[in-house]
Ligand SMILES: Cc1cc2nc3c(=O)[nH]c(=O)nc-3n(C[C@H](O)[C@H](O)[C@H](O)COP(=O)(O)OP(=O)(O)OC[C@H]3O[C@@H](n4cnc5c(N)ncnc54)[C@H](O)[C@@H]3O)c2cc1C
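The chain below stands alone and is given as structure tokens, in the form predicted alone.
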Amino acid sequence: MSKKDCIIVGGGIIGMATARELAMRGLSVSLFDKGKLGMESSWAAGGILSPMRPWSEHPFSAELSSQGKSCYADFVEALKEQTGIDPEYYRCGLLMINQDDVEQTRQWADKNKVIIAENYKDYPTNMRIPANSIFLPEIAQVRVPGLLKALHASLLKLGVTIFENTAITGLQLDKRRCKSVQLGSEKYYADTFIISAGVWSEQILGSNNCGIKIKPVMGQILCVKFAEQQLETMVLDGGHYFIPRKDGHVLIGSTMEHAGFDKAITQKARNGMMEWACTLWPDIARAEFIKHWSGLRPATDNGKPYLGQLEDYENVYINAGHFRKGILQAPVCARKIAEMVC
């Protein structure tokens, strides 16, 4: 196989968006993933295009999130036009109801010139919403499975070479440069290498990790379905949320569990999320249960994602550690990495 301009290791939302951005700039790209593209942490995400607690976000991450929100509608529209697949970008707003978060949300919104409304009432009549809640009308969501499907189709149209179910066994490093990735007895060569493997990025770099530290934090999510849409806005209550879809599906999330790389779903988590959901919105009890799943969020100690060239290597970059904001930050981080490489 001929040498590529870029090899990307890790095919979640970050790796896929990065591969697309580089290919659109005319570079030849190969994308490697140990499983199916997008089917680990990315597929498990709810798709809220906002940080959960924006006032506590690391400043660098906050800037990426802000830029991500600004460009997301255009990003999705371009994907839809290119592939014919609709990722269902939906500016439905977010209702913040946790009373401990309300005042901080108000201060953050005022400082960042974010529109808020304090008398939002367009929710089901039996939903138990505290009077002192804040509505953020500009917050959007995206339906992640559709987004990943559109990205995959885009990569194929752009000629990106995709290797799925192919866990690389090592990087061939020579002084300050990487020459190839190893896959069994085969070597694949490129001028530039980008590590975007989420919680597995540190493992891929091995002893050459340049101080990269990313830990997995498991999140479990439920999905239920009504015959038609019952809720028109996302609702956030501390760590719990409702994400409504236009076809009647509602996501109920999520947990925060430090269980290493174990992502087994548990009855305890399901019971806890359903108890919260039914207490806040009793109608959930009559919805059809659809699915229960989990994913591993890539967390860093200070909340700042890794984005840029690894200091010990001239041609190795990293784009990883976005925690709960990988979906939101993917297009802007892809653009920034592509600008560095080009």
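Predicted model, so just to flag it, every value in this text is computed and none were measured. Note that residue numbering follows the sequence shown and begins at 1.
Beyond what is shown, the protein has a form predicted in complex with this ligand; the following relates to that form.
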property: Interface membership of Y317, this ligand in the model of the complex, 4.5 Å heavy atom rule; result: no
property: Touches this ligand in the model of the complex: H58 (any heavy atom, 4.5 Å); result: no
property: F32: touches this ligand in the model of the complex, heavy atom cutoff 4.5 angstroms; result: yes
property: Contact test in the model of the complex: I48 vs this ligand, heavy atoms, 4.5 Å; result: yes
property: Residues A197, R324 and I327 all lining this ligand in the model of the complex, heavy atom within 4.5 Å; result: yes
property: Of I139, L79, I204, I97, the one that lies within 4.5 Å of this ligand in the model of the complex (heavy atoms); result: I204
property: Residue (of G93, P244, G219, P87) lying close to this ligand in the model of the complex, criterion heavy atoms within 4.5 Å; result: G219
property: Region of this chain that lies against this ligand in the model of the complex, out of 118 to 126, 164 to 172, 150 to 158, 98 to 106 [heavy atom, 4.5 Å]; result: 164 to 172
property: Residues in 4 to 35 close to this ligand in the model of the complex, defined by a heavy atom within 4.5 Å, in order; result: V9, G10, G11, G12, I13, I14, G15, F32, D33, K34, G35
